[in-house]
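Below sits a lone chain in structure tokens, taken as the form predicted alone.
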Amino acid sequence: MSSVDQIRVRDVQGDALRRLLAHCLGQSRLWCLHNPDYALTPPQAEHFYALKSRLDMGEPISKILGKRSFWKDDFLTTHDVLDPRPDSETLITAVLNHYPDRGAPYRLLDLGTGSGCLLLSLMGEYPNAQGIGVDCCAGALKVAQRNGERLGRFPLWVQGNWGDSLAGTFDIILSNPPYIPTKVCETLDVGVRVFDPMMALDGGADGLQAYQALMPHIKRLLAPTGMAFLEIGNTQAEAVGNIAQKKDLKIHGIEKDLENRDRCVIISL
């Protein structure tokens, strides 16, 4: 397939390319399935090849299309935010298991909110909850705010360093901090290493730097009966637990992801 060929829908093979094609045509993939003989116009073909070249260079399709599904919604994603990932849904499941009252007016805090996918997903499950999402990156907060507006959920967005600018207490604290050791970051797939923000990935030499920073904030901001849900690398449960216990915090539990790997540490006072 080259740019000089006339492209018909049936000529485009492979899931990723078909998603790009549907995007270029402004149609659903079902429409494409039912219209295999449709021939792309020259502008549509030019658009398709431009996007295909980005895919060929290793850019994730979510970044090309500008959105990715998470939990029950689609979230906008840009180079300013980490792509929402299925592993992080472990935190949502853990919170729902520990807080079954969907009508309660919980106070939610998301430290390092990124796209806002964790906080906004929980606000969809707890319609009476109030939320605050914190991120040090202004670009990330713009993405989170746009996601909230699209979903009709309106937490307070705060630019800051973890919980430095916050007061009061929260029933549920969430965080998916950077936890990949610096040297491992250098070996990541190009789709992650180049197109996700490194500051959302690099957890320092041992991958634990962010947890060291987070624990004092959790100690100060967690309500007496509250819990904090932290995403972790699949070998970090013991180390993160030790960091928490040194700050006189308790390990309430560890949740596993769909591949049965440690993914979420639950902390209480």
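Computed from a predicted model, the values in this text were never measured in an experiment. Counting begins at 1, following the sequence as shown.
Heads up, the form predicted together with a small molecule isn't pictured, but that's what we're talking about next.
Q) Is there a heavy atom of Cys137 no more than 4.5 Å from a heavy atom of the small molecule in the predicted complex? A) Output for Cys137 is yes: heavy atoms within 4.5 Å of the small molecule.
Q. Does the 4.5 Å heavy atom contact test between Gly160 and the small molecule in the predicted complex come out positive?
A. Gly160 belongs to the contact set for the small molecule.
Q | Ser88, heavy atom within 4.5 angstroms of the small molecule in the predicted complex | A | Yes, contact at 4.5 Å.
(Q) Given that the small molecule is not shown alongside this chain, does Pro177 nevertheless sit within 4.5 Å of it in the predicted complex, heavy atom to heavy atom? (A) Flag for Pro177 set to yes.
Q) the small molecule isn't shown here, but in the predicted complex which of Ala244, Ala228, Ala200, Leu40 has a heavy atom within 4.5 Å of it? A) After the contact test, the surviving option is Ala200.
Q. Pick from 183 to 191, 97 to 105, 79 to 87, 148 to 156: which stretch has a heavy atom within 4.5 Å of the small molecule in the predicted complex?
A. Of the options, only 79 to 87 has residues within 4.5 Å of the partner.
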